[in-house]
Structures are given as C-alpha cells and as structure tokens.
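First, one chain by itself in structure tokens, the form predicted on its own.
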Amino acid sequence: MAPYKRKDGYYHRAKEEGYRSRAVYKLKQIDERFNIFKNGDVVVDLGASPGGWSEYAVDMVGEGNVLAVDKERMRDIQGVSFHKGDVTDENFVRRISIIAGDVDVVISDMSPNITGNYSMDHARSVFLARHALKFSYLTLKDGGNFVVKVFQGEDFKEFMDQVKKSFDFVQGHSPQASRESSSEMYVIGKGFHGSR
C-alpha cells in the first residue's frame, strides 16, 4: 500500500493557522452547518489526541468548559482539561462521567487502528461509535448535541437507527475536509431526549 499522503491543502492550512491537525476543519465545517456549539457549553471530546477538535471547541465555548479524553497523552491546551483513559473501560467511563457532570455536547473523532481489512475496520469503528453514544447517554443534558465519526459499511444504518432513538434530529454528513478516499461519515445528533 502506498504511504498515506497527509500534506494536502488542509494540512498546510492547519500549520499556518496554528492548529494541531487538519481534522479541525472537519469539525469547523460540521459546526458551521449544524450549529453544534454555543458559548458556555460544556463539551467532552472523546479520542481527542492530538487535540485539533479540542482546540476548536474551546474557541467556541470558552476556557474551562472542554474535557478531553484519549488513551494517548496529549500536549496541554489552555482551557482544556485532559484525562488519559479508554472509553471502552466501564470504570474509567463512570469516573469521567462524574467529573464531566452535565454535558451540552459530546464529540468523538475516535478511529480504530486501520488494518486494511475493510469489514474489520468498519466493525471496530462502529464499536467505538457505540461507546461514544453510550457515554452520551450517561452525560448529555436534555437538548444536548452529539457528533461521532463512523466508517460506512453494513452496520452503519443500524447505528444511525440507534442514534435516532435518542435525538430529535439525526443526520449523516461528510464534511468537505474529509478525504475523497475516506469511508468516514460523521453522525450528527441534536436535541438529546434520553436513551430508549
């Protein structure tokens, strides 16, 4: 397989604008279209490292309102509290949900380690997305918002249907900043009304 080409226009733009990753523009484009954040919102960023989404979120909601979670260490971001741990670990999730309290927005750009086996990568992606959804059940306030990455495949519709049970508005969206070759899709849920 050819090496992954990272240095596209968004990569260079992120460098110029001081962001940690090109992924920030995916969240920015999602927010501009769906109005995910408002000033003062409490946000949890799952799978946050290297921190591009947290950088954007803290710009939108204000310092002290963003809690970032990842299995990998992340360099500090002013106004963001970082917690190292695994969102598939129930004990860790319980602890973080207590620390986070009532949350307005849960965002997740988590991705599995890519194996090249499409079915396996898709299944692992859905597995992580379901854990992000489960976390939203524990923490989101009524009316809260949810953004999660998932690879398209045979289980995508079932996952979308699961999200639709808990949010007033649900839509799949591929932002312009996603690479054309990517199978990633972002599921946006707005107006949380509880898991059913």
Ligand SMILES: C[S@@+](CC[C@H](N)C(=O)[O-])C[C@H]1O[C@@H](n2cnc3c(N)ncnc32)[C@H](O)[C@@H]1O
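Quantities reported herein were computed from a predicted structural model and do not represent experimental measurements. Sequential numbering from 1, following the sequence displayed.
If you look for the form predicted together with the ligand, you will not find it shown, but the lines that follow are about it.
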Note to self: in the predicted complex, does residue 144 come within 4.5 Å of the ligand, counting heavy atoms only?
What the structure shows: no
Q: Considering only heavy atoms, tell me if residue 153 and the ligand come within 4.5 Å of each other in the predicted complex.
A: no
Close approach of residue 109 to the ligand in the predicted complex, 4.5 Å, heavy atom: yes
>> Just checking whether residue 87 would be counted as a contact of the ligand in the predicted complex - the rule being heavy atoms within 4.5 angstroms.
In response: yes
Here the chain appears without its partner; judged in the predicted complex, the stretch of 161-169, 66-74, 35-43, 133-141 with heavy atoms within 4.5 Å of the ligand is 66-74
Across 35-54, the residues having a non-hydrogen atom within 4.5 Å of the ligand in the predicted complex turn out to be 47, 48, 49, 50, 51, 52, 53
